[in-house]
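Here you get one chain, nothing else, as structure tokens; it is the form predicted on its own.
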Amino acid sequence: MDCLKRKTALAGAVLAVALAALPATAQQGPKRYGPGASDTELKIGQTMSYSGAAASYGTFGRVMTAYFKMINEQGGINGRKISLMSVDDGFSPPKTVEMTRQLVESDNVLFICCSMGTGPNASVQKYLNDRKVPQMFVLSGATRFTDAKTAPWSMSFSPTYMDEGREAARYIIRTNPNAKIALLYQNDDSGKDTAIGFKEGLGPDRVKQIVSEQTYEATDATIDSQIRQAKAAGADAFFDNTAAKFTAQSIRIAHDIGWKALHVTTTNSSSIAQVLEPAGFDKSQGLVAGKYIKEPTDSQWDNDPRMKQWRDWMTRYYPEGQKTDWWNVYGYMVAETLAHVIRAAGNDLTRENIMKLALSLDVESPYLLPGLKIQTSPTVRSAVNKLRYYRFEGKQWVLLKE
């Protein structure tokens, strides 16, 4: 075993200790297999936006694919090869339906995991729940994926959009109690969820501090008019809940028209590679974002053992990936968490047991910011539920003191 593999094995052992809270499963017990599981293999399905409008998020799927390549080189999990069947849906719900049906009915995957986007995942949610196929660690913060009553076979990984909205509102009010607030979000379920949470975070007495509330369509070419209207309304704080390419636009436009509002964006639109570089570092100064993962550009993590191990892993297994992109840390962390759920399942590789274990997590992941944990239960169905705030300074994100 070379140096990197020793590091990886040690890192896995560290997180395995953290995952000790998972319900015990007897590896020597009777073998119970669902579709896609055997003595030698476990098939997992995933739809990912490798093309289309959200292609930049495809890096997440590439990280997961590379992670399980490493796992298989080391002998798999409990002696089984993990076949992650990650297919491109172009971020198009009709394509997601087609590809998911193929994964479940033709490829016979045990479960669907870590598929990208609110619309694509919503398009197959009923289908998967009706068939009792786990829709695990959905890459969306929409509350529909955390409702145990209507969708008992669904769960997400990141904080819900409502949680993110609440946290953003509280941050703005802590920073400027008398802020005049502009709110911009995509005209879909995810945007509306975040707006609801934001208003809840403000509270009924402060909602009137919103002086501009606007939406945009995912198919719009630009949000120039919305930014100009927000400035004209006199807003001095801006919650920018837009997709990555529009966040880059809003940063440029706000800078160019001299709008110096407190600019707060979301986790998903805080990538240096996908948002801030296209917008221009000079125009991005002072931008604030809620985050829950250690930001790879934050110098305080330069000597962090697990971040160093992740960089070494990127060099070996995903050299074309950007080490400045937090999505690549996120993908690794989710893949690692999934691997430990599978390991804990032992020989009981049924859909029921996998879902039970995924809803029984209590993990101190080394990739989360200090004070945050991965915690799930039958009623808490998003793995991460809190955020901390960063400000962009120079060429990196700097964690703000609480």
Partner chain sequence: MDLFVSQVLSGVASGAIYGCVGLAMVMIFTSTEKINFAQGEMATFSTYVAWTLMTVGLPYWAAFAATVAISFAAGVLIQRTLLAPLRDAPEMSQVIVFFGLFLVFNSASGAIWGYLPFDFPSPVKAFSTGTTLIGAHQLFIILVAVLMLTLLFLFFRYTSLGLCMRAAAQNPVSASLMGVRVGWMLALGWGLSAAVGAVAGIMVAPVVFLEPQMMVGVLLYAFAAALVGGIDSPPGAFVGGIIVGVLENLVGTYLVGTDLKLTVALVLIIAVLIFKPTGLFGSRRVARV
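Residue numbers count along the first chain shown, from 1. Being a predicted model, the structure only gives us computed values, none of them experimental.
Below, we refer to the form predicted in complex with the partner chain, which is not included among the displayed structures.
| said: Taking the partner chain as it sits in the predicted complex, is I173 near enough to touch it, meaning that at least one heavy atom pair lies within 4.5 angstroms? | reply: The answer is no: I173 has no heavy atom within 4.5 Å of the partner chain.
| query | Heavy atom to heavy atom, is G76 within 4.5 Å of the partner chain in the predicted complex? | reply | G76: no contact with the partner chain in the predicted complex.
| message | K323 versus the partner chain, in the predicted complex: is there a non-hydrogen atom within 4.5 Å? | response | Flag for K323 set to no.
| Even though the partner chain is not shown here, does Q249 get within 4.5 Å of it in the predicted complex, heavy atoms only? | Q249: contacts the partner chain in the predicted complex.
| Option from 154-162, 223-231, 200-208, 305-313 whose residues, in the predicted complex, bring a heavy atom within 4.5 Å of the partner chain | The contacting stretch here is 223-231.
| query | Of I82, A273, V104, I293, which one comes within 4.5 Å of the partner chain in the predicted complex, counting heavy atoms only? | reply | It is A273.
| Answer option from Q285, N129, Q214, S123, heavy atom within 4.5 Å of the partner chain in the predicted complex | That would be Q214.
| said: Each of N187, I257 and A279 having a non-hydrogen atom within 4.5 Å of the partner chain in the predicted complex: is that the case here? | reply: Yes, each of N187, I257 and A279 comes within 4.5 Å of the partner chain in the predicted complex.
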